[in-house]
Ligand SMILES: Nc1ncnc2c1ncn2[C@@H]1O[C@H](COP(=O)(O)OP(=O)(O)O)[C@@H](O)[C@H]1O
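One chain comes next, on its own, written out as structure tokens in the form predicted on its own.
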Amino acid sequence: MGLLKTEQEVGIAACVIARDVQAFDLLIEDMEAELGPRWGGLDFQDGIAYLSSPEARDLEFVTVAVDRTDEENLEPVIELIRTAVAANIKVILVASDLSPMALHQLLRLGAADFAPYPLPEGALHEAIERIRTPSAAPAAVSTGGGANENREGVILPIYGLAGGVGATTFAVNLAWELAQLGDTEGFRTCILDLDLQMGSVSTYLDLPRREAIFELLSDIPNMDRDAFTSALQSFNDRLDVLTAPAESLPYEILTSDDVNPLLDMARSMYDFVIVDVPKTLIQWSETLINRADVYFALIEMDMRSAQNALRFIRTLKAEDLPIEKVKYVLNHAPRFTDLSGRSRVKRLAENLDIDLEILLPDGGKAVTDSCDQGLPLAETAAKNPLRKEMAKLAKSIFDLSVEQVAAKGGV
């Protein structure tokens, strides 16, 4: 970029620092739009040297751009951010496909703002405006007590391999258990109901389906934080919910180009993003599997689930999708004392060539009653065996997230 030459000729106000600046072409375009010629680009090594020099004292900010490749060695990025913070230079972190744990680590070093890459419309402009007006509070989701926009949550889609296997019940109760665990630690949870035709998350949480949902889904390219926030509802001030639309919509109303920014927006505001997935495999099902941190697939001990599981597995292999992300959940599993049932579970797993790591007991009539009342099991039948297993699963997910964050960067 000829940073020093640019500085001498026009006076530099900011710079982009990345392993390869040219790999972030959309960021280059936005920097040009915001600053014209008053910026330059450097790699990590030159960036550290420049920020340590007297010439950098007049910089308004630096944009540090990282992607998954940089995660293999974060030390130069860490040193770069620490050098900038020590020099009182504001840092905007732009991250592409970075794991949540790595992102948390970098944000804790003192980055003033964050934007995902590819950059949503206006995201860089908004970040620059926020660092230029530090007295202004960052934008936040107001529902459910607010969600910090500088998060980068994990995506947990829930998929039922047959109708009635309990996928939505699983999704709602997992989301609520995570929301309760995160409440005291400042972790935030949301659930997105992307079953546009038969979604029932709103029913299970007794929430209305609002017209704002259709408005949001039909104009994703122009979605901003305010539009996303206005479509959310709060359940008991802890869990934020994007319900299915009021009317059944064709799944084609969304494309992968729509689902990606929707997930990006949710991840930037929440630590855990639960997605209730349509049972129909559609064009953007591939997007959900690729973007998932863990993809839960629910089955039961019956022939239809087994046959659908075989079809699902063949599809994943044929399309070269990340089958390792899929974690199979057996609902209505036999009791521990049912040795014959346990033997059938083992044969099912062997025949499908999968691991059934999560076995959920039959919660009985209490589960149906809970759904009819529009409340999670924790609120209606806390000692129900299914609720206890859901709480254990949520605790393991939550603890793993906390431990990984602490291990990589400390609390």
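Throughout, we count residues from 1 along the sequence that is shown. All of these numbers come straight from a predicted model, not from anything done at the bench.
What comes next is about the form predicted in complex with this ligand, which does not appear here.
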If we test each of H125, H332, K327, R238 for a heavy atom within 4.5 Å of this ligand in the model of the complex, the one that passes is H332
The listed residue (S52, T368, Q45, T69) that reaches within 4.5 Å of this ligand in the model of the complex by any heavy atom is T368
*asked:* Whether G374 contacts this ligand in the model of the complex should be assessed with a 4.5 Å heavy atom distance threshold; does it?
replied: no
Applying a 4.5 Å heavy atom distance criterion, does G364 contact this ligand in the model of the complex?
yes
* To do: State yes or no: in the model of the complex, is some non-hydrogen atom of T168 no more than 4.5 angstroms from a non-hydrogen atom of this ligand?
  => yes
Does at least one non-hydrogen atom of P322 fall within 4.5 angstroms of this ligand in the model of the complex? no
Partner contact check in the model of the complex: of 72-80, 157-165, 210-218, 238-246, the stretch with a heavy atom within 4.5 Å of this ligand is 157-165
Those residues of 19-39 with a non-hydrogen atom no more than 4.5 Å from this ligand in the model of the complex are none
